[in-house]
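Here you get one chain, nothing else, as structure tokens; it is the form predicted on its own.
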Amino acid sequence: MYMNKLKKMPVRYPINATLELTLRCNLKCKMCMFRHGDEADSRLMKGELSSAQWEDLIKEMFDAGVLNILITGGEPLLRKDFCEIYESMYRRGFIITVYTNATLITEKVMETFRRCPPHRIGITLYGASNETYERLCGSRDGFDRAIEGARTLSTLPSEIEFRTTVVKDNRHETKAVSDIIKQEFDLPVTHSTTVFQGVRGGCMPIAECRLSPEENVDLLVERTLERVRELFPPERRDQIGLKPIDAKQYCASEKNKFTLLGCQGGMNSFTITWDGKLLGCQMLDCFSTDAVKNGFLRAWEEWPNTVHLPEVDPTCTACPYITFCQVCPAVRMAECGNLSGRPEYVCQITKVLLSDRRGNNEKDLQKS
């Protein structure tokens, strides 16, 4: 239930923080939602919060009861003062996760992490070869650097998680990425297949490189089948069937009851941007307060007053498949450039999920 339909403000607690230390990145990934381009780097760098400003905010978040911090970017390790900012968080006892592309792991970073290990490190791989990294990320030796960085990070007592974003340029290496990570680290890889268009000034031509709705669902089914088959004895694995909708977890609309944006954004989670804005969702900057000027707690308390959601496209609200759809205000803004539009790409993915290209029609699927 969205903010403009609420009769009473729900109880909100600032528990989970995403700290976006920078929007700059050493890679130039085609599917990055936030990338502004090299020409913007000097402007972005000038506008980034200083380590002292981050330290002040970190203290205020600690006093307000924040428990979990996700450090992200851009590429957070690109900041020369990353270790200083990181140690300020660590000293206060937050549960810390660091997201990185693992290509900038220096001895200084490792000295800091050995002394103050993160609870979790999320490593994103974009392919299984330097050729794919060059084509997709503009880095000739990106894969070698990433895998070596991952090996170095794996020596820490931190929990390591691997992720990849699948688009047309690296679709052929999906299995190779999983195989490499399984062989080297004995860990699974989380695959993101649905990529939305740029937000907050992002300039990359994402629609040109992302998977088609059909490719998206096919990969989802393929990956889900692999995981399910691992649970069965070898002699039964070829007998397992899977409908597209079976591969997609969903909840009834009640999951969004008493929230501001239809999720936990702004309820128990928030983002502080590279320039000090407090957002309920990292993708959505049309609702924000100034955490540096006003202080964290005041910015958190006042943020709901900025949320004003318009009525959405009536074809969406009347759609019988809305329960299965990934649509939310942030997705509408990314795909349509406004908060009320109908995101066609997401709509098509939902329709493919609810179809059965093996001969059954949608009504049969709904009854099954």
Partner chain sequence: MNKKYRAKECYIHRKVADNDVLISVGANVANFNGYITLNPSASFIWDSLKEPKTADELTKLMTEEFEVSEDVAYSDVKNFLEMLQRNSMVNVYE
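Residue numbers count along the first chain shown, from 1. Quantities reported herein were computed from a predicted structural model and do not represent experimental measurements.
Just so you know, the form predicted together with the partner chain exists too; it's not on screen, but the next bit is about it.
Student: Does residue 159 reach the partner chain in the model of the complex, with heavy atoms at most 4.5 Å apart?
Tutor: Within the cut-off, so yes.
Student: Is residue 65 close enough to touch the partner chain in the model of the complex, meaning at least one heavy atom pair within 4.5 Å?
Tutor: Yes.
Student: Give a yes/no on whether residue 118 approaches the partner chain to within 4.5 Å in the model of the complex, heavy atoms considered.
Tutor: Because a heavy atom of residue 118 falls inside 4.5 Å of the partner chain in the model of the complex, the answer is yes.
Student: Within 4.5 Å, heavy atoms only: does residue 352 come near the partner chain in the model of the complex?
Tutor: Residue 352: no contact with the partner chain in the model of the complex.
Student: In the model of the complex, which of 66-74, 311-319, 37-45, 24-32 comes within 4.5 Å of the partner chain (heavy atoms)?
Tutor: So the stretch in question is 66-74.
Student: For this chain shown on its own, do 15, 91 and 95 all sit within 4.5 Å of the partner chain in the model of the complex, going by heavy atoms?
Tutor: Yes, the whole candidate spot contacts the partner chain.
Student: Give, in sequence order, every residue of 189-210 that has a heavy atom within 4.5 Å of the partner chain in the model of the complex, or say none if there are no such residues.
Tutor: Contacts from 189-210: none.
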